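Next up: a single chain in structure tokens, the form predicted on its own.
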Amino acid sequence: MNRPPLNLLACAVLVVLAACSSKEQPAADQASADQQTPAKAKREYLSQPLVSEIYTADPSAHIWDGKIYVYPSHDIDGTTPEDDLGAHFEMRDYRILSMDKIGGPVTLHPVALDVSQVPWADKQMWAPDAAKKNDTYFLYFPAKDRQGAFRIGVATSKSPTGPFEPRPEPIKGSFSIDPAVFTDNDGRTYMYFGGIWGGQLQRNTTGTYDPNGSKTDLQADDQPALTAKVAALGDDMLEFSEKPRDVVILDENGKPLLGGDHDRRFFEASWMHKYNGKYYFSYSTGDTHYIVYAIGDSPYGPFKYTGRILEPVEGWTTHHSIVESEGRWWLFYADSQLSGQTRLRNVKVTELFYNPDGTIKTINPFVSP
């Protein structure tokens, strides 16, 4: 290590002496001193939280009747210790955000649905989504039943902000987490869902929940990765009209992504949108913290892995949605800027851009220095 110049040492001695002769340093002087003290440079965030009254995450955005509605999960500061299976995410209700335009005032609506209202659900109301058909709004949500298995439920309302009335039973044949509902141009609606590790896909490989199954999927790195599921919804939007099937994601050689490909394989947080006639299936890679996407010619896939949408945010989890508003595309996501804690997140939005070839420009959640 290089030795400091003598004049700097002299200055340091004078500073120490001055500090000793003063009982209390004024706040303004302290702030000036703090600015002069070398410190780790703080990164500047690309965007700011939409609301700060509560903690929100996993935003599913939709535009109905010219207004933007965001259906997030509602983080609470519970007491459960953090673990790899997400037991510390103890969300118990849903509150919806709305705005007339991106960048405008955001309204935080009252509780739309609470776990105590759902006859079959016990706890952990994780990432939801919503849909509209005719004059009815549908809220789709995962929750653990009393046997500890994640199921997906549905509740209805005549208002996009609720309150929602839940069905007495979960959707038949549903399991795991993170429902994402997409309605195609022909009016058919599909649900994409699933998540590994705490999302329990690895405990539902036969379609039946196995409470003693693998905790994670890490034992099969050289096998095709576990992946999301997709199923068409019936006309009533309340049940599947078919058995869920795999969302197959292919690599550059046309082979399914492998379990060991942690930078690209599916982990959780499905989303589907359509751009220039192509189907864009996007998702989180989980333990590597990317939002990535794959493109296909059908809502069922297969989808070819294409690239990254969002680099890692502050915090462990990342979950998103993509929506078009007034001819511009937007990415809704979340990080832990407000709390610095994994379990307490805040929803954000930033503009998303396409390249001429239809690929998406990767977004850095921090402003480059």
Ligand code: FUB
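Position 1 is the first residue in the sequence shown; the rest follow in order. Just so it is clear, the model here is predicted, and its values are computed rather than measured.
From this point on, the text means the form predicted in complex with the ligand, which you will not see here.
The contact with the ligand in the model of the complex, taken as any heavy atom within 4.5 Å, belongs to Ile177 out of Met191, Ile96, Ile177, Met272.
Here is the short version: of Tyr71, Phe266, Phe89, Tyr137, the single residue with a heavy atom within 4.5 Å of the ligand in the model of the complex is Phe89. Per the 4.5 Å heavy atom criterion, the ligand in the model of the complex is contacted by stretch 119-127, the sole one of 238-246, 256-264, 119-127, 205-213.
Although the partner is absent here, Gln337 sits far enough away that none of its heavy atoms falls within 4.5 Å of the ligand in the model of the complex. Taking non-hydrogen atoms only, Thr317 approaches the ligand to within 4.5 angstroms in the model of the complex. The partner is not shown here, but in the model of the complex the stretch 342-361 reaches within 4.5 angstroms of the ligand through a heavy atom at Arg345 alone.
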